[in-house]
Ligand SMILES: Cc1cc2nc3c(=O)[nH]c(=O)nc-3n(C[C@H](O)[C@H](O)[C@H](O)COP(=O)(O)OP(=O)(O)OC[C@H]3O[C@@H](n4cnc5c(N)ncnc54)[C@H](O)[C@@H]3O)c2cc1C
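Consider the single chain below, provided in C-alpha cells and representing the form predicted alone.
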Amino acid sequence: MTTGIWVLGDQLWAGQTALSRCEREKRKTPVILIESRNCAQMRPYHRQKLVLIWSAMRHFAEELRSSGWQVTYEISDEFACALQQWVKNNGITQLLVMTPSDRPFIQIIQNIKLNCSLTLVPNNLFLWSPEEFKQWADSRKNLLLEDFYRTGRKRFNILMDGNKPIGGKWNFDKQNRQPPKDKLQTPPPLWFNPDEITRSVLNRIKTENISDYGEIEPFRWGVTREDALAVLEHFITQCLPTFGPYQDAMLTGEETLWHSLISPYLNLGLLTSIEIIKAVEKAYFENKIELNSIEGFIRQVLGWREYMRGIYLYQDEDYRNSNWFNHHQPLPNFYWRSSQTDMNCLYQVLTQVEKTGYAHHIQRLMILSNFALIVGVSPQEIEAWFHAAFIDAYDWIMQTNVIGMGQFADGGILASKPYASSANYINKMSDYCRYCIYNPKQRTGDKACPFNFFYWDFMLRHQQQLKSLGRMSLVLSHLQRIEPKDMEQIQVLANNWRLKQNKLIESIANDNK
C-alpha cells in the first residue's frame, strides 16, 4: 500500500497531521500541492491574496523537498485532473488530507473521483477540536464569547495565577479603547521584497489576468514561515507595548498602527496559535509589557479566533443563509471601486483594502460592516465581498464574523446586540470625519452624514425586532426624542440614497453586458 498526502494551500505547516503521520516514512511518501486556476476564480479574489497563497505554497513545497519529502507541485486548471494523474503515476492506494477548515472545500475533495481511498485526518491548526467545542457549547444556555475565553484561559493555563486571572481581571477593555491623539508615533510595519518565486507568481497572475480586483504591486507580504516568525517578533518588540490602548483607533494614512499583521500567516499555517500566545505571554513576564496590551491581544487569538471557528462548525450549514433583519439591498459598487464614494471614512478604508488586502478589525467591523448593516445590504452579499477582498479571509472565519457578528443576521447567536453606530463613533475613534464633506453631527440636511441618517432609519425600521434585545432599550428610547418631521426627512434621505445606488448598480451591470 502506498500512502500519498495532499497538502492544501492553507495548511502550510510541517507539523500538520497528514504530514506528521508519515514523518518517519517521508522519503517514501509522495506529497502534492496543487495550484488551481479554477479555484482561484471561484470568487473575484484580491490579487495580492492569490500571490500570497500561491507563493507561500511554492515556498513550502521547497521546504518539504529540502527536508526529504517526495514533493510534486502542479499548476493546473483544476484539482481533479492533476490529482488523478499524480495518484496514477505514484501508484497511490490511500490519500491523506488534513480536514479542510472550510466546509465547501470538504465537499470539493469528496466529489473528486479517485482510484484510491480518501482519509480526512483531524485538523490540528486550532486549539479546540470540533468535538471539544461541541462539548463546551452543549453544556451552555448561551454561547458567550467571554465565557468561552475564560474557559480557554483556564484550560491552557494562559495568564493565570492558579485558578484566578493574573491582574485580578479577565479583560482590560476599558483601557483599550482610547481614541487616537494627534502626532502619534506609530512603528513602521515589517514588509518584504518579493523574491524570484514570488515574482514568478506575480507574473502569472498579471499575464493570465486571473483576477482584476485590488492592486497587485507593491506586494510586501511575507511568504515563508521564517518571514512570519520575523513579523511576530517585530510585533512583540515594536508594537505590542502600545497595542492595547490604541487597538480600536483609526488614522488617515496609517494602515497598520500597532496591529500585528500576523492573521494572513496564522490562517495559512505558517504560524500556530499556541506559539503566538506563548510568545506574547512570555513578553509579559520577561519584558514587563503592560497587561492590558498582552491580554487584549491574547483574547483575539485564544478567544475570538477559536470561538468563531467553533461556532462555524457547531452551527449547521444553513447558517450562511441567515438574514434576521430580512435585508436584501445590493452591495454598493464603491466597495469594489473606492473612488466611487464621497464618504471619507469609507474611501480611506476601501482604498487601503484595494492597495493591501488588509484593514484592521475596527475598520472592518465599525466602518465596512456597520455601514452595510444600517443600509440594509444583503448579509450574503457583504460576506461574499469580505471573503474575496481580504488577504486573510476564508469561509470559516467570514461566515461567523460577517453574517453573525457584523450583520447580526443570526439574530443573536454570536452577539447580544447589533454592531450598529452613527458617525459619532467614527468621529471619536478616528480623524476621518475631519476631512469629509459630510458633517458627523448632522442627521438631516444636505451635509448630513449617511452614517447618521441610516443609523436612525435602521433603528426605526427594525424597532420591533430590536425591542426583544435587552441591551437596545436605551438606544430605542432615543427614537421618541426625534421630531416626526426630522424622522421623515431621515427616511427620505435614506431611501433616496438607496435609490441612487441601485440605479448606479443597474447602469454598471448594463454597461458590462
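None of the values given here were measured: they were computed from a predicted structure. The first residue of the sequence shown is number 1, and the count goes up from there.
What comes next is about the form predicted in complex with the ligand, which does not appear here.
Note on contacts: among D392, E354, D102, D410, the single residue with a heavy atom within 4.5 Å of the ligand in the model of the complex is D392. A heavy atom within 4.5 Å of the ligand in the model of the complex is found for one listed residue only; from F334, W304, W324, Y319, this is W304.
Shown alone here, S293 lies farther than 4.5 Å from the ligand in the model of the complex, counting heavy atoms only.
Taking non-hydrogen atoms only, I262 approaches the ligand to within 4.5 angstroms in the model of the complex. Not displayed here, the ligand is kept clear of R443 by more than 4.5 Å at the level of heavy atoms in the model of the complex.
Using a 4.5 angstroms threshold between heavy atoms, T198 stays clear of the ligand in the model of the complex. Judged against the ligand in the model of the complex with a 4.5 angstroms heavy atom cut-off, the residues I34, W86 and M98 are out of contact without exception.
The stretch from 165 to 173, 363 to 371, 108 to 116, 183 to 191 that comes within 4.5 Å of the ligand in the model of the complex, counting heavy atoms only, is 363 to 371.
Of all the residues from 179 to 217, none has a non-hydrogen atom no more than 4.5 Å from the ligand in the model of the complex.
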